[in-house]
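In structure tokens, one chain follows: the form predicted on its own.
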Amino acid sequence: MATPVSVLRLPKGPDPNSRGFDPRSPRFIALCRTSICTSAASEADPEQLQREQHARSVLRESFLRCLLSMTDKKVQFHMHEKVKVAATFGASDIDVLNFQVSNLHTPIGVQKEALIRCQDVISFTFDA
């Protein structure tokens, strides 16, 4: 029988909608860079910049479609230190910093509901 594992609940964010921490706070800036720098070549060449932006938008769209198709499916997360966990995917927060999952099966037990920090995930797989 799976053993339930207690989980530390994080406090709600300081904004009234509880959507997260202030984007101007030092903690948010340190953990959640909002953009990736463009390459040196694209700074000099406007066409290269446009191609790079298009590639980023295509990758972002396919990632968001992947998240959408994972909803309510069994997902295996491959994490640091060769830890593998499985859970039913629920949702992601607006900045894709955390994944909400159900029935999280870990090496030490099962958690009914949990948040997985995206920084801890190396990759994930699921059956389409």
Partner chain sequence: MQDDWSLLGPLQWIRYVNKRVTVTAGKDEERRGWLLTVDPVSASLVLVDFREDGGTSVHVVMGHAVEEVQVLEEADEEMAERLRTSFLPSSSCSLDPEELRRRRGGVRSWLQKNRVPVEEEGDELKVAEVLTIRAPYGPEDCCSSNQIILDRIQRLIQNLIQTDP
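Numbering follows the first chain given and starts at 1. For clarity, a rigid core is taken as the largest C-alpha set superposing within 1.5 Å between two forms. Computed from a predicted model, the values in this text were never measured in an experiment.
Omitted from view is the form predicted together with the partner chain, to which the following refers.
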Item to complete: Answer with yes or no whether F99 is in contact with the partner chain in the model of the complex, where contact means some heavy atom within 4.5 Å.
Response: yes
Discussion item. D45 versus the partner chain, in the model of the complex: is there a non-hydrogen atom within 4.5 Å?
Written reply: no
Worksheet item: Counting only non-hydrogen atoms and a 4.5 angstroms cut-off, does T71 reach the partner chain in the model of the complex?
Response: no
Discussion item. Residue-level question: is L115 within 4.5 Å of the partner chain in the model of the complex, judged on heavy atoms?
Written reply: no
Worksheet, complete the sentence: Across 105-124, the residues having a non-hydrogen atom within 4.5 Å of the partner chain in the model of the complex turn out to be C118, Q119, V121, I122, S123, F124
Practice prompt. Kindly check if the Cα atom of R56 is displaced 2 angstroms or more between the shown form and the other one relative to the superposed rigid core.
Written response: yes
